[in-house]
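Listed next as structure tokens is one chain, alone, in the form predicted on its own.
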């Protein structure tokens, strides 16, 4: 049995970032990965999705360029679009491999399985570790009434790289994955229907954000059935029929199941190590990612925190630093930003308006539309708005929500501001460059205290 200081199971965003930080701290990490470095995010999620969205944005911009005096008749080659996404994955994967080599990180290929509380077997090799971090990520959740077959009923994994676009598709699930894939497919000419069991798409965003995206998707002729669950999916001749619990039937060429993800722990044999999980299969940890087994930690999608790559990365760093003896602080997940990359894109942090009201917090809300922003008008990015939620009286920022072009970048102004307990006055007293889209954040702050300049 080989003895090591730190064993990390999984080389996704949580695992590989933890490994790099561990190497910097002299912990000599060994990383076990069953597939490609980068995990779901790099290979099947964040990176290929954003590559396809970038292609969709370019195509959409070309189509609408006439208003700027640019005359063209754009077309697309789906094979080359997919190749663009694959190239983005390949380049990023090579980047992670380079970082492993640069930092002297040992990578072991294979399926990890616990053989004891602090021992793990991979093939014929067995490790005994002083500390272990489980970072095996998540997998697509499959629902029996519309089980994924990879052809007529596909998951997001299949949707990213399928060779031919269907004429029509039903997207079951109007969450982050569902709306991003709906945007991509609709932009490239597919007839898209989103089916969401809750009352609105992206139901966990601020209500005004959900309403705005619904309006913009309908402009794109994306059909939305909200507040109706799926009873079953049937194949009739060459078509697929989605039968809803309100009696409606939707006929399409293909169905995309995007009903979420579940923790990827099946092969680990957690029971042998005595590691506890909850009723949904997530590994139980405390606020510093310690499991019930001393020296064993879990981060990322295998625990019940937001399934986001940047969340896993931060959890990995906090875990490694405490192993190294550095004083760390628990993560405040209310300061954990959420991003949706369709167009219009969405980003949010902190309290939603209705959530603050439900908690009895006295608030003021400031909003500013991109249609009144100089850069937005000049660049034809006038959809959406910035919304700021503040504590009444103090002006402390407790929530920020953006929908519109560049939202996922613009949210960054609020991240350190809220971390440091900033108020809208701190935003107002900071000079914002002109003309920029970020002036909308300034104006939203001004609006919350009744001092808006440009509307």
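Given the structure is predicted, the values throughout are model-derived calculations rather than measurements. Numbering follows the first chain given and starts at 1.
Note that the form predicted together with a small molecule isn't included here; everything after this is about it.
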item: Distance check, residue 81 to the small molecule in the predicted complex, heavy atom within 4.5 Å; value: no
item: Heavy atom of residue 166 within 4.5 Å of the small molecule in the predicted complex; value: no
item: is_contact(residue 341, the small molecule) in the predicted complex, heavy atom dist at most 4.5 Å; value: yes
item: 4.5 Å heavy atom contact, residue 351 to the small molecule in the predicted complex; value: no
item: Position in contact with the small molecule when the complex is considered in the predicted complex, options 256, 347, 195, 296, heavy atoms within 4.5 Å; value: 195
item: Residue (of 137, 316, 366, 178) lying close to the small molecule in the predicted complex, criterion heavy atoms within 4.5 Å; value: 178
item: Segment assignment from 88-96, 378-386, 166-174, 212-220: heavy atom within 4.5 Å of the small molecule in the predicted complex; value: 166-174
